[in-house]
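First, one chain by itself: the form predicted alone, in structure tokens.
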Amino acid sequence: MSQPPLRHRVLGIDPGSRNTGYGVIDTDGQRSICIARGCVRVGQHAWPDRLGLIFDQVAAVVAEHRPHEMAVEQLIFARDATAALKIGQARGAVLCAGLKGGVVVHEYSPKSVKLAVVGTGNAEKFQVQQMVRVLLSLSDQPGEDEADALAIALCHAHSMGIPQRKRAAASWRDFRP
């Protein structure tokens, strides 16, 4: 007997200035399957061109897979102001591509994502990769950017139906009872 189709499609995005990972899952809030995954690689293009490539390629993923919602990682930490600004601009391109495609956008801190997928907010990259592979029954280990994007989508899937104020806090400063 076949299982009923999963009802909700989520696009997870891990924005970056050189590599932007994406992952598309179908979920019912408890079970999830991977529909697509990949990475937008913008390499050594001039900065404005990179933003245009990120926007165009994320918009193409939105148009192809038609997600109901998009989950994006928040910018929490950057080594320097220039890096923070570039990642922030890349996030802006991602957010605009999703919004232009009519997708509802949600944001999650890196600690919230790790907590939802691995069970600890201080998980290492390889732990996230391994748990994503296990949770989605993938035949191969996803790359770091793909795994992060799929983890963000899974975090949102696990949070569905939970009011925003009751979602996992990334730190005590984020906690709102």
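Since the model is a prediction, treat every value here as computed from it, not as a measurement. Residues carry their position along the shown sequence, with the first being 1.
Beyond what is shown, the protein has a form predicted together with a further copy of the same chain; the following relates to that form.
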Q | 4.5 angstroms heavy atom contact with a further copy of the same chain in the model of the complex for G43 | A | no
Q. Quick one: is D49 in contact with a further copy of the same chain in the model of the complex, heavy atoms, 4.5 Å cut-off?
A. yes
Q | Heavy atom of G92 within 4.5 Å of a further copy of the same chain in the model of the complex | A | yes
Q.
So, G88 and a further copy of the same chain: in the model of the complex, are they within 4.5 Å at any heavy atom pair?
A. yes
Q | Proximity to a further copy of the same chain in the model of the complex (heavy atom, within 4.5 Å), stretch among 24-32, 61-69, 105-113, 119-127 | A | 105-113
Q | Stretch 14-32 - residues with a heavy atom within 4.5 Å of a further copy of the same chain in the model of the complex | A | none
